[in-house]
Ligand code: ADP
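Below sits a lone chain in structure tokens, taken as the form predicted alone.
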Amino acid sequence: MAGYLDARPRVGYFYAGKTGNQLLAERLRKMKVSDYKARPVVIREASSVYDAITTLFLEDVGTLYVVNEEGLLAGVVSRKDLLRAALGGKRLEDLPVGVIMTRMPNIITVTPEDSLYDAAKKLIDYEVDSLPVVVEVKEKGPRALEVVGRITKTTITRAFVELGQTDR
């Protein structure tokens, strides 16, 4: 009965005492990042800012995740970072993206096991457009993170619309 009623043996059905908002909150917290993450868009740390701008537009994203030569998360570069670099007057083909990116450990991340609610809260609290979905690579040392996906404001909006569909 949609969570409003609960059942017990020899007692039968009874009112569970939960409001619609409480039931919605429970459902939100059960939604996992792994079920909603999108493909990450990555670029190498040694790539030029020009290549990063090209990738940003070709992939139609607002954030690129920067990986080192081992393929581990090294940083994040946003539209604002690229615009700032482009207005700087330097040759974009000669400027490596590693110079302008936000570096680890100043990057907010989520794991596939995190709830979509926690990811949405981080997007709002840290005022970012996307979060890298990462898994720890223990063999490569402490805080070695591999990017396996991304969660964006659009992802959260899609999940919200899915919750609102009445045919589910």
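Just count from 1 along the sequence shown to find any residue number. All figures in this text were calculated on a predicted structure; none of them were measured in a lab.
Note that the form predicted in complex with ligand ADP isn't included here; everything after this is about it.
> Is there a heavy atom of Leu28 no more than 4.5 Å from a heavy atom of ligand ADP in the model of the complex?
Replying inline: Although ligand ADP is absent here, Leu28 would stay clear of it in the model of the complex, with no heavy atoms inside 4.5 Å.
> Does Ser34 reach ligand ADP in the model of the complex if we count a contact as any heavy atom within 4.5 Å?
Replying inline: It does not: once ligand ADP is placed as it appears in the model of the complex, Ser34 has no heavy atom within 4.5 Å of it.
> Taking heavy atoms only, is Thr102 within 4.5 angstroms of ligand ADP in the model of the complex?
Replying inline: The answer is yes: Thr102 has a heavy atom within 4.5 Å of ligand ADP.
> Is there a non-hydrogen atom of Glu136 within 4.5 angstroms of a non-hydrogen atom of ligand ADP in the model of the complex?
Replying inline: Although ligand ADP is absent here, Glu136 would stay clear of it in the model of the complex, with no heavy atoms inside 4.5 Å.
> Want to guess which of 38-46, 139-147, 126-134, 113-121 is within 4.5 Å of ligand ADP in the model of the complex, heavy atoms only?
Replying inline: Of the stretches listed, the one contacting the partner is 126-134.
> Quick one: which residues from 97-113 get a non-hydrogen atom within 4.5 Å of ligand ADP in the model of the complex?
Replying inline: The stretch touches the partner through Thr102, Asn106, Ile107, Ile108.
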